[in-house]
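The data below hold one chain only, encoded as structure tokens and taken in the form predicted on its own.
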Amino acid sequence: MVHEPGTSKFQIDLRRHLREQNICDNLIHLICEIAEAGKYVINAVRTGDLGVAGTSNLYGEEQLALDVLSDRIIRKRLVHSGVVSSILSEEMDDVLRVKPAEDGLYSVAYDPLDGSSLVDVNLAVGTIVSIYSGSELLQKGRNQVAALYILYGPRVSLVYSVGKGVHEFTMNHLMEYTLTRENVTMQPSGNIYAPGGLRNQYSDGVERFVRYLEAKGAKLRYSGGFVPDINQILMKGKGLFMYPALNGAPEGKLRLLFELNPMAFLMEQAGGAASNGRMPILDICPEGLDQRAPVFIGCREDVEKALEFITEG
């Protein structure tokens, strides 16, 4: 994208940048509403109660108070945006139908506070969002019209794509999102990897792949948070995150609708790849709201190498 001569990229805010993508006003409005919600979520993370809310989510996991609060903040923003038909959160039991399906409306699936158990030890967490046209959420990730995440770390950053590259914005002292990196691009291969799951539960093929990474000098960089780990790989432009099929957990851990589809969309837009070990993440047809899948996501050549080892195994 070409900006006016003399225009500093640090003067370009999120709304202006979205307008330059030539997308419809409703989608611009929706992304900006989510960005605004992020300001309240980071305030909750910095000042909120770290105790347990006393409830469990759909998957039987203990919910932290911050999970509940973040979910309410984002859901309220989406409902009142006026441009959303359906909403699904990782903390909700079912799809919330906000408006009947009609042209110009969107459906949103999101994880309000991914990695929330890391907050009490002061590690980075984030919000992950997937956006589709219409009212249907159970469809291939390749049909997404936009995806984004907000990382709540030492700095708050928002990374988004509407199918025209990947762009990073950072929240300044006035709590405005300003452009810091445009057209983030992945290298063909990298030298860092973030492996999730217990290694003694890896398949033979995955274990051989890890030994291949170690032999080529790849450094292990794993925080336990999906958003900061993916952000590290994207912003460095190299590396691979994996949470493979495990013995006893063949579908891995991460959820297709809330985590894998939006991150796979962003990674492919940056020139990387994302696979479940058999096919691209974005080509998986979801069969349920809570569907999980293994994932290998990052540099294209590294993902392809993982598939080679898995196929041989």
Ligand code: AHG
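The structure displayed is predicted, hence computed values, not measured ones. Numbers follow the displayed sequence, beginning with 1.
The same protein also exists as the form predicted together with this ligand; that form is not shown, yet it is the one meant from here on.
Contact check for 197, 241 and 253: all three have a heavy atom within 4.5 Å of this ligand in the predicted complex. This chain is drawn without this ligand; in the predicted complex, the residue among 152, 106, 226, 177 with a heavy atom within 4.5 Å of it is 226. This ligand is not drawn, but in the predicted complex it has no heavy atom within 4.5 Å of residue 168. Remark: residue 115 counts among the residues lining this ligand in the predicted complex, judged by a heavy atom distance of 4.5 Å or less. In the predicted complex, this ligand lies farther than 4.5 Å from every heavy atom of residue 71.
Put simply, residue 222 is close to this ligand in the predicted complex: some heavy atom of it is within 4.5 Å. Of the stretches 106-114, 207-215, 142-150, 177-185, only 106-114 has residues with a heavy atom within 4.5 Å of this ligand in the predicted complex.
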